[in-house]
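Shown below, as structure tokens, is a lone chain in the form predicted alone; questions about how it binds or moves come after it.
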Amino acid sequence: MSRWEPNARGRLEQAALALYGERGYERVTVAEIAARAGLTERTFFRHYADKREVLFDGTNRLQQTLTGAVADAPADQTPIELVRTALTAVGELFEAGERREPARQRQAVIDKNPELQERELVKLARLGTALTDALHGHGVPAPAASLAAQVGIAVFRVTFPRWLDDPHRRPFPDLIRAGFDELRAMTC
């Protein structure tokens, strides 16, 4: 193998998702992922701490997108409008680069493994905390910031599977807006 391989991270992700789908998360080793990607285990560990982290690699980017969107939002938005703005920005991130199919594969792996489901819940809790902090930093009082962030995470959790399975392949931001419209209709 050559010393430098282009797109090693993407190749490792593709290899891991394929192997997890074929054999199940528990039965796949890091060595097998690296071999499928045409890379070494050392290269794998340069990019990921363990085989689980391949599935959760984008968490920091999601958090930065959420918090950045809140920070950049107009000061006159309500807490729920701020959360909708942040989740719409995340949706735009999902739409960039055709992430729907890898996200579908990733979710199928997580749905079959309780350990990974727990890790997904931890990720969502951290995103909720970061969103709460961003809202608070934007001037939203603490109780309202927490409530708005948790509502936003709930809308995200309902919207994400809709996006994965949408036969019309509607963009994630459109589905987020529809989710908030449904929420508004239920609470008015």
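Just so you know, these numbers come straight off a predicted model, no measurement behind them. Residue positions are given as counts along the sequence shown, with the first one as 1.
Heads up, the form predicted in complex with another copy of the chain isn't pictured, but that's what we're talking about next.
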- Item | Heavy atom distance at most 4.5 Å to another copy of the chain in the predicted complex, all of Glu118, Pro143 and Leu183 | yes
- Query: For the chain shown here without its partner, which stretch in 30-38, 146-154, 66-74, 53-61 has non-hydrogen atoms within 4.5 angstroms of another copy of the chain in the predicted complex?
  - Reply: 146-154
- If you check in the predicted complex, is Ala103 within 4.5 Å of another copy of the chain, heavy atoms only? no
- So, in the predicted complex, is Ala49 in contact with another copy of the chain at a 4.5 angstroms heavy atom limit? no
- Message: How about Gly179 - does it come within 4.5 Å of another copy of the chain in the predicted complex, if we only consider non-hydrogen atoms?
- Response: yes
- Classify His136 as contacting or not contacting another copy of the chain in the predicted complex by the rule of any non-hydrogen atom within 4.5 angstroms, answering yes or no. no
